[in-house]
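Take a look at this single chain, the form predicted on its own, given in C-alpha cells.
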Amino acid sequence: MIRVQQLIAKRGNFTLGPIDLDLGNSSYLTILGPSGSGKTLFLETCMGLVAPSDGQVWLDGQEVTKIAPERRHISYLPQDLALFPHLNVRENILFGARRRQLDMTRVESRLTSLLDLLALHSVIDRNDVATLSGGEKQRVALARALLPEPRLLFLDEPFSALDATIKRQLQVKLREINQQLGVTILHVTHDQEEAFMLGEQIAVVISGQLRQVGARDDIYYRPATLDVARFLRNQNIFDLTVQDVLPDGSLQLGDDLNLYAPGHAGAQRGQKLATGIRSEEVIVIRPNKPIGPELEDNLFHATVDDILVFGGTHTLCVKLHNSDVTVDVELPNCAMRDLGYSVGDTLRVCLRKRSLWTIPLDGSALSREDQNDQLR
C-alpha cells in the first residue's frame, strides 16, 4: 500500500531519516515517539505536504514522490481538525467530496453509512459547528476524511485535546473503522497506551530516526535499542557481562547480578550487554507456593524499599539481597490487596528468563531474527 525508501526530510536544522518502511493494505500503523522526534514531519513528507530532500514514496506500486497531495487519493485528519466555522455540519463533511467533484449519488450513500458508523445523525443538521462537543467535532472531521473513500488515512495526534472518556470511545471507533472499511491508517501519537491499543504495527521514531518497527509484542517486550527501551519506560535495565553461552544458545550473565537470559546471535564470553525486564513481568513468588520449572532460574530474596501507587497498579521497589540492585515490580491492585506488602517486608521475586531482553552495549541494534529468537 505505502512504501518509503531512503526517505530524508529537513526542517530547519532538524533532519529526518533516512527511513525505509513498507506497509500493506488495510494495515494500521501507529508512529510513536517523544515530542520533537520527527513524527509529524514524517507524516507530512509521506503525504506530499513536505518535499523530501531524498528518497521515494510509493502508493499501490506507483511512485508519488513528486505528485501533489490532492492527486494521491489520501485523506488527512490534523490535530486541530480544521473544521470550517462558516459551514454547517453537513457541508463540512461534504467539503472534500465536493472539491474532488465526486459522484454525489455515491457520496450521499456513503454519507448515510458514515452517519451510522460514527453516530452523527443527531448533529448532521446542526448549523454551527461551534456548538458541537469535542467528541462530536472529532467524529465530524473523521467523517469528512473518510467520505471520499481514501486509500490511505493520515492521523496526526487526533485525540490529544480530548478528555479520557471521549478519547477511549473514539479510539475504539477507529479500530472499528479500520476493520469495517479496510482503510489503511498511519497514526502519529506520543501516547504509548493509544499506540499499543490501535496499532497492528508500531514504528518508534526517536531523534529523526526510525529505531524499530514491528508488531506490538516485538516492540513492547523486545526493544531493539536502549533508547527505545527507555522511551517505553523499561525501568529494570542492568549492564551485565556474558559469563557463558549455554548449549541451547541462552546466556549466563554476571557482574552486579547473576542472570540467565535468552541469547542472540554472535554473543561471546566477556561481551557487555544491557539486559532488562518490564516491571509487570517480574514474578512475585507467593509464600509456600510450588515453583514451576520456568521459574527455577533467576530467583532472588528481596526487601520492599518503597511502594508507589498509580491508580490501578502498585509498584514495589525491592532491593535484592546480597546486592545493590533495586528492581521495580508492578502489581495490579487486586494482587496487592491479597499480598498486603508493606515497606520493610521480605519476599521472593523471579526475573523470568523468557521475559528478559538483551541488547549489545556497543550501540548496535538487535536484528529482527534476534528479536524473534528472544520471543520464543
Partner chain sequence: MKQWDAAFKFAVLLPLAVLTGYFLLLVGSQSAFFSFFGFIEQLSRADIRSAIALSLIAATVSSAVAVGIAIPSAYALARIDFPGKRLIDTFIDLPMVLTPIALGTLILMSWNTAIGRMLAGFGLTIPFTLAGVILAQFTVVVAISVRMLKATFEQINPRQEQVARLLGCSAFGSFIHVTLPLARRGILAAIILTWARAVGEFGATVMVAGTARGQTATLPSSIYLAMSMADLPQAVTLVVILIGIALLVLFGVRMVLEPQT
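Keep in mind that what you see is a predicted model, and the values were worked out from it rather than measured. Residue numbers count along the first chain shown, from 1.
Keep in mind that the form predicted together with its partner chain is not shown, yet the notes after this line are about it.
96 is the sole member of 276, 262, 208, 96 with a non-hydrogen atom within 4.5 Å of its partner chain in the model of the complex.
82 is the sole member of 82, 172, 291, 164 with a non-hydrogen atom lying within 4.5 angstroms of its partner chain in the model of the complex. Within 4.5 Å of its partner chain in the model of the complex, a heavy atom is found for not a single one of 286, 301 and 353.
Taking the partner from the other structure, its partner chain in the model of the complex has no heavy atom within 4.5 Å of any heavy atom of residue 34.
Among heavy atoms of residue 55, none comes within 4.5 Å of its partner chain in the model of the complex.
In the model of the complex, none of the heavy atoms of residue 238 sits within 4.5 Å of a heavy atom of its partner chain.
In the model of the complex, its partner chain sits within 4.5 Å of a heavy atom belonging to residue 47. Judged by heavy atoms within 4.5 Å of its partner chain in the model of the complex, the contact stretch among the candidates 26-34, 65-73, 339-347, 317-325 is 65-73.
For the stretch 21-41, the set of residues having any non-hydrogen atom within 4.5 angstroms of its partner chain in the model of the complex comprises only 40.
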